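Given as structure tokens, the chain that follows is alone and in the form predicted alone.
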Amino acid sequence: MKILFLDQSGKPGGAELCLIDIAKPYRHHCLVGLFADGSFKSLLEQNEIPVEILTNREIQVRKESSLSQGLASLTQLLPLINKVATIAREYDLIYANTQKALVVGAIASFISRRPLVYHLHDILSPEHFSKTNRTIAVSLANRFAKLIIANSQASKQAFIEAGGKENIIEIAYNGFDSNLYQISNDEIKKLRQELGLENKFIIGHFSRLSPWKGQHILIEALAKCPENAVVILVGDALFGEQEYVKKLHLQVTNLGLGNRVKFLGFRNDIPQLMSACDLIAHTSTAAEPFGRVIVEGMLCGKPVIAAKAGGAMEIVENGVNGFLVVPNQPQELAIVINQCMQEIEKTQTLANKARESAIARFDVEVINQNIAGFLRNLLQV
């Protein structure tokens, strides 16, 4: 099976990390076409996955774009669409991994007469996308996609509620190699020393810095926790959200938390950093399509507090393998953090159960076998 994967991003986000795992089994019979250069290309090359930058022109359309902006971008995309269609004729199918990839892949599939698969990593809701973008995504998927793979029941349901066809969509959660999250105690101790946090209760937040990811909720909750509690924010701004980062720094200063919040920026040692934490916080203010960091925290054997919405509710069972709190409620978040700090043994028992359930439910080989089955069935129709 020869697959042409398409992705809009030059930087690795959740959708891109998922794509690496999906493409690995096809590395000798695939190509990943990117719409931007960046560190994601390097990650693909490190995994020996063929990759090509298909355009260096930024696609001027955003999640909140209007109809006129969307139409204007279509003209800009024509050379890219023609290029993708030409390349696609050498492959069995086109696999669009993002929404902009869907726009290009849909028309290219029509021209090249190759089936289109769309991997839906988003919740198509007003909180995340403009009405125009939701309409475009659903219309193109309904018209051109032979198969849609949703990353959660929440993503599938939002697609259907937005007018998407129910009979062409399957669910495949993100897959993980649990071996990557087994970090030695010596490595953990060294990292905590490097951070200067040896004797602290470390709360980790792993996400790009963005208002809807809710780092400000965690900072406000931290002010209601004991002095020994500290926060590390791993990630940085994308998509023009630098103003939010300034607001976070100002919030930290105003609350007198300058020595209790560390901004670490983008890092490649996520399993190590998570393992160095005592607790992982997920604080999205709107429903998360899936929640990779939740599973990663569980695989590291760490207790996870997640926002009670979207895909997170399919991963975490409150009080059994993690904690769920109402989004946008720093007071409730602070109460659970304090509970975890006070009930160390009970919390660690829960974290151990979380790791067992994450390994059982999200094994990358099992997930990839499911996806491979979907693709084989598509090509046999």
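A quick note: this is a predicted structure, and the numbers were derived from the prediction, not measured. So that there is no doubt, residue numbering starts at 1 and follows the sequence shown.
The form predicted in complex with ligand UDP exists for this protein as well; it is not shown, and the discussion that follows is about that form.
Chemist: Pick from 247 to 255, 299 to 307, 101 to 109, 261 to 269: which stretch has a heavy atom within 4.5 Å of ligand UDP in the predicted complex?
Modeler: Answer to the contact question: 261 to 269.
Chemist: Give a yes or no for C277: in the predicted complex, does one of its heavy atoms lie within 4.5 Å of a heavy atom belonging to ligand UDP?
Modeler: No, C277 stays farther than 4.5 Å from ligand UDP in the predicted complex.
Chemist: Since only the chain is shown here, I'm wondering whether R208 would be in contact with ligand UDP in the predicted complex (any heavy atom pair within 4.5 Å).
Modeler: Taking the distances in the predicted complex, the answer for R208 is yes, it comes within 4.5 Å of ligand UDP.
Chemist: Decide whether W212 counts as a contact residue for ligand UDP in the predicted complex under a heavy atom distance cut-off of 4.5 Å.
Modeler: Answer yes; at least one heavy atom of W212 falls within 4.5 Å of ligand UDP in the predicted complex.
Chemist: Wondering, does G164 line up within 4.5 Å of ligand UDP in the predicted complex on heavy atoms?
Modeler: Contact check for G164: no, nothing within 4.5 Å of ligand UDP in the predicted complex.
Chemist: Give me the residue from I371, A358, A23, A15 that has a heavy atom within 4.5 Å of ligand UDP in the predicted complex.
Modeler: So the residue touching ligand UDP in the predicted complex, by this definition, is A15.
Chemist: So which of A141, I203, V293, I94 gets a non-hydrogen atom within 4.5 Å of ligand UDP in the predicted complex?
Modeler: The option sitting close enough to the partner is V293.
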